[in-house]
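Below you'll find only one chain, the form predicted alone, shown as structure tokens.
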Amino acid sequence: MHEPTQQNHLDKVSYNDKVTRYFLWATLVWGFVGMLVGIIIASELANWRVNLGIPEITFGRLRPLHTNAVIFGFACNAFFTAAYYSTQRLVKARLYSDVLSWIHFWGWQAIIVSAALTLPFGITTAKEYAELEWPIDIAITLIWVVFAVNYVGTLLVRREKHIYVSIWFYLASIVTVAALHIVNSAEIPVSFLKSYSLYSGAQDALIQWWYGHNAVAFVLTTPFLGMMYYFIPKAVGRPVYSYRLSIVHFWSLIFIYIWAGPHHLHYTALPQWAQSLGMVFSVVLWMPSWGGMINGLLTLRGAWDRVRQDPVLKFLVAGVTFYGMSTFEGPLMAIKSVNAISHYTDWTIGHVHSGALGWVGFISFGCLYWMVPKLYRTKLHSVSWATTHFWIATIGIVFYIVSMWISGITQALMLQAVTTDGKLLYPDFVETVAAIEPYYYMRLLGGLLYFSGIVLGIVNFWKTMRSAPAPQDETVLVPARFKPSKLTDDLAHATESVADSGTLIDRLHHVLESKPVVLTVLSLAAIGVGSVIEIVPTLFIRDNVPLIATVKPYTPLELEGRDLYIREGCYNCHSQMVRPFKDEYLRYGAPSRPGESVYDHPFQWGSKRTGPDLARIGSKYPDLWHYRHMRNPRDISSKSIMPIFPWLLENKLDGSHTAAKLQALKKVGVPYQQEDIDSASVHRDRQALEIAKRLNEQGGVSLTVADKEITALIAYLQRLGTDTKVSVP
């Protein structure tokens, strides 16, 4: 880290530590909430009865709340805490604006509260890590702009000429997250809390996973690498191991990471060029990732005895180690032959939580254990409690990851198993679910251990703060503001008397470190190359997809049913994408084609199969089967872990926005005619009555079911795969 520039005149600066303390407490609160919801949904998978038959707490509705609370509540607040704390000290300046700081804090917490008030009620876009509806998306954009202005403004009034490596990573995170969010959240509103994605099918899938994978990259990786580069050197009292390695790590990571998203869509209807591109860059990504891990761990050289005693270092070292494990496993799973086993299984869940609990969680708590005594000017209440927190959490992570590895690989091999005469060894999907159910209890145990550590940590922080004197902002003497020089003059000076290319690179980068705006623009350019190459062709995918003449837009009732499917979070457990594997052909039918989903806003290819694929479910079973299945899945299969949905049989279908929905979809390219829109209610009610009559004939169900939500859902499910002229086994 750069030492203060030596100048004769010194100014007194008081850091804005109050807002940092508020962000710190928000981190703990949302960490508690997000992990608690994680415990609840893990319990619901282990035992379906925990769903309690209450709509707002079923797995499908709570799962996106868990991810949003952990990612945007816990992780983002941890990033804001660390960024505001470290940046003020690195640049020797108070945050640019107290007003913007508080708008940022309260605005962001309001966004997370809005997620908690909408997602359990089924108000969702169904796009992973981007489920929040359009008014909240706008709020996210506005608050992120406030954060960006406040952060860059702080750099512009800095007292240090050069900005440290942590700030490079913070800046790259800020600009990239903004780009990801704006592009992926493009949608057409239907009403105040309902919208449809601007994109559809394969186009939507590629843009979503360009966003989804890079949300992991630039929300859960680069900010925490910035934290690693600041807090590990601080904790051990020595500079980072290699300045040059940090330069290589930064630029190669942000350039390569942005290309890797398509590896989430191997063997799908995505174009092969995109799949191959994602795999190649995912494998290459291993090198810069491990370069950062090595740089972090080697900073600790000679300090390993302290690691045994200091819980801060324990968390930081373990966090970096989990980062190394996750960034080895990720490229491995991106290889298509491995992905054929891992995708749609619990192996992916184990991988995600290895990074989330091990890397993000441990780095966050390592930084918090460092900052709390500093921000409150006191000693940590209990070092032994912090050490206990570390070991409980570590054991919990091991239970969690190992259980998901075993579960995922076991289920994949069972699903792929065929007999000597070419038939499925386990034709019923639920047989594989029953086989892995014990591992769901093992995962729950791991989650409970990790959560217990968090509770212990929160109590430790609370007692530390209660015993501290009244908190005050830190005041320091700093150099007077320097006069910025011209970029051309700095570059000319840097290239003078250069002995070798390595020195030239160092000197040129040293110039960039004095130009935060230029560094930010170049960072945006680095992530822009891969983005443009992937996204621009994607915008034309829909126009180039061979249309299937028999595939038509959804009827009004089917569209309402699809929205109910999304509301209940069915996409969290079911996919609609048959891959070109023998076992999937035997179990589901012919592989999915791009033309099948051209009218799907958003796409519904799924990312996890807790239940079977539904791409060809239409007409496979009578209407009464679906009615009974939603009422109580155990009436159909005694081994099912699916929750009950009795409210679908009781709730009256709200069709007040049916015409508006068709109108909105027409605007994004679905070929509805004005006549279809004008008569939407008539066609919806007519089809519902037809389904009600069949239910009455098949099982004596009352005709009053015609205006219930279940008829719309049945209409949608019975449509899937029936208009593509492929056989269903």
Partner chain sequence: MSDKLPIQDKPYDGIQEDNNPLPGWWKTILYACTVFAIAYMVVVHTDFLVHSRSDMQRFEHEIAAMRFRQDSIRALKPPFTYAELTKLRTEQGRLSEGKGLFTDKCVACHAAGGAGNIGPNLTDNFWLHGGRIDSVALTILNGVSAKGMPTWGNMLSDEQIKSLAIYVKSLHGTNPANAKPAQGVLDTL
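Everything numeric here is computed off the predicted structure, so don't read it as measured data. Residue numbers count along the first chain shown, from 1.
Not pictured, yet referred to below: the form predicted together with the partner chain.
Asks: Evaluate residue 422 for contact with the partner chain in the model of the complex, applying a 4.5 angstroms cut-off between non-hydrogen atoms, and reply yes or no.
Replies: It does: once the partner chain is placed as it appears in the model of the complex, residue 422 has a heavy atom within 4.5 Å of it.
Asks: Check whether residue 520 has any heavy atom within 4.5 Å of a heavy atom of the partner chain in the model of the complex, and answer yes or no.
Replies: Close contact is absent here: in the model of the complex, residue 520 is far from the partner chain, nothing within 4.5 Å, heavy atoms only.
Asks: May I ask you to state whether residue 506 is within 4.5 Å of the partner chain in the model of the complex, using heavy atom distances?
Replies: It does: once the partner chain is placed as it appears in the model of the complex, residue 506 has a heavy atom within 4.5 Å of it.
Asks: Any of the heavy atoms of residue 409 lying within 4.5 Å of the partner chain in the model of the complex?
Replies: Contact check for residue 409: no, nothing within 4.5 Å of the partner chain in the model of the complex.
Asks: 636, 157, 183, 458: which sits within 4.5 Å of the partner chain in the model of the complex by any heavy atom?
Replies: None of the others qualify; the residue that does is 636.
Asks: Within 4.5 Å of the partner chain in the model of the complex, heavy atoms considered, which of 306, 463, 657, 234?
Replies: The residue from 306, 463, 657, 234 that makes the contact is 234.
Asks: Want to guess which of 509 to 517, 552 to 560, 606 to 614, 642 to 650 is within 4.5 Å of the partner chain in the model of the complex, heavy atoms only?
Replies: After filtering at 4.5 Å, what remains is 509 to 517.
Asks: For the stretch 84 to 102, return the residues whose heavy atoms include at least one within 4.5 Å of the partner chain in the model of the complex, in the order they occur.
Replies: The stretch 84 to 102, when checked against the partner chain in the model of the complex, contributes 89, 90, 92 at the 4.5 Å heavy-atom cut-off.
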